[in-house]
Ligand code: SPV
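A single chain, nothing else alongside it, follows as structure tokens in the form predicted on its own.
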Amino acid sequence: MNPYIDAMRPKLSDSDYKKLCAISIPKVHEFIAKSADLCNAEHIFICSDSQEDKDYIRNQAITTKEEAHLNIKGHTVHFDGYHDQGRDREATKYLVPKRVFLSKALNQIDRQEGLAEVKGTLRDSMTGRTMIARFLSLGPTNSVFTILGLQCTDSWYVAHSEDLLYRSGYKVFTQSSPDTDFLRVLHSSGKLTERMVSEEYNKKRIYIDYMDNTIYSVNTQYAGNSIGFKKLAFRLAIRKANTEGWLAEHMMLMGVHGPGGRKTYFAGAFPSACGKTSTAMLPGETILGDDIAYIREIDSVARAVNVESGIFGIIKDVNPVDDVSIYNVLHEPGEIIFSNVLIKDGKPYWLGMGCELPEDGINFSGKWHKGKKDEAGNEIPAAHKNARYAVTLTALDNCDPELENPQGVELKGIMYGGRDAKAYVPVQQSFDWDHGIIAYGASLETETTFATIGEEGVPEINMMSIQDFISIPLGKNVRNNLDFGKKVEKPPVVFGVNYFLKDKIGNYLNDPKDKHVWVKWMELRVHGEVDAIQTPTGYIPEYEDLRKLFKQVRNKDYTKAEYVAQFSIRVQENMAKIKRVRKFYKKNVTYTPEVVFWVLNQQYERLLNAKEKYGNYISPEKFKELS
């Protein structure tokens, strides 16, 4: 007899009862039973990942009006509440046991206090509703990379989204031993309005209990807060990686084609809305992933997989000129969920899509018309800046064929990029692994964007683009990255990229499409096929190589004046950046490896010496003369 299954039996259909009994992991039964009891769910639906079950979830999302059909077959739209449009830092907290302290930069609450609060908020939140249990695989199944996950939710939209974003895991659960470990998520949309959006957004709670590998999320529907295996359970994977000696990273994965038909795999860490997906989706290259990567040492080689199997992408500025592949997919029949766009006559519209937008329609604020204002008097845009689309990777014609390789792909290069208007050049290569991890990764500086609730445009250090998701001491994470380089025979080459450099009057020096040239140059550098110029901050491209690449990749004449403007070393700005990074680590970070300050100080000294010889703005041609 199983007391947990017995307790659930009245809430299970005969079919769901059989599906649950097919899993022999007692902790699965316990988590589902306790979640249903806490939230007072009326029914429990066990998704076996059969087509019948997936179709049922999709139909329920429409029936409950969490989603609505659009004109193109397979397309639906979902709206989050007006105040629920991004990851909520203030509401997201780690549950920390007494006398344990995470880094000051992390949002945290006493574990017992937090559990009491979030469970109190979740109590009876599913009254009269069905709780859906989804079984998922993070990473390819039957792989050393595989991590299993179970989410219980009362949102059919959330359950539907998981079909598009993750690999089916029910079969793996049924084949697993009773002592199998897994990550857990309990989510409830909470009280809903007539528009089927979370009404009590002021009671939003997203709490991470790393002692029990469990995420609690309530009074929110925005996928970054409600789909637990996006960025929430990612925090738990980071802890697991920390214990086991591998890396869980906020990185895209892509294959870059080089001379002779070769393909070179790169990972890239960019904070949200800083170019991560657009880089992964460059035309002519292949996308393996756009968000989260697991990286392991296998036979002395760095190998990586995409944790997910779909894209939850920012749709703003996706247009037929700059984003051909994804734009075409968004206009073809197939399963896609749009969120927080503008709907007019069954067609979705978004900001920056390359055409004139309607002056009225339905959007995240309800019925919308041009000039509509919110309660605070702010004008409401046609679509939200953080509007999204969810689609499977296999729907893309440039999906990399190695997506399901259980061994992952060999990682040859890593790039770090943020929003840096003043200091770093568009692309540069580190002197070695430690220098790249510290000067480009640990020093990654960006500006807050619309992807996170709060004020936009505020400069901040976002270490390796993972700072929002860290669940271990920040200094320990830097150490883990430094140590990983010692485990592999040839560590990936580390690059820093910056698509947002501006001139003195505030104009961007990069065209959005230029990133393809920087990526092609990095591919050649990995294989030692182009030379580079040594500067105080790293190796930069030579003009002639970029001139050829601009012609090949963009059919554009690249001038020496453009090159000098983009690749001059801005000494004062770079020195100021180092000061900010050092201050951040001294003030906020515990267990910072001493090598961090040593590498930063060495870079500062190189800049100081260059300033004394050549001034504050040094042309790349000057460094070439010295090489």
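All values reported here derive from a predicted model rather than from experimental measurement. Numbering starts at 1 and runs along the sequence shown.
The same protein also has a form predicted together with the ligand, omitted here; what follows describes it.
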Only one of 428-436, 512-520, 215-223, 191-199 has residues with a heavy atom within 4.5 Å of the ligand in the predicted complex, and that stretch is 215-223
In the predicted complex, Arg87 touching the ligand (heavy atom, 4.5 Å)
yes
May I ask you to check whether Asp400 falls inside a 4.5 Å heavy atom distance of the ligand in the predicted complex?
no
Can Asp323 be called a contact residue for the ligand in the predicted complex at 4.5 Å between heavy atoms?
no
Looking at the partner-bound form in the predicted complex, is Tyr539 within 4.5 Å of the ligand by any heavy atom?
no
From the list Lys204, Arg525, Lys231, Arg167, which entry has a heavy atom within 4.5 Å of the ligand in the predicted complex?
Lys231
Selected contact from His250, Arg296, Lys385, His75, since only one has a non-hydrogen atom within 4.5 angstroms of the ligand in the predicted complex
His250
Taking heavy atoms and a 4.5 Å limit, what residues of 297-313 are near the ligand in the predicted complex?
Phe312
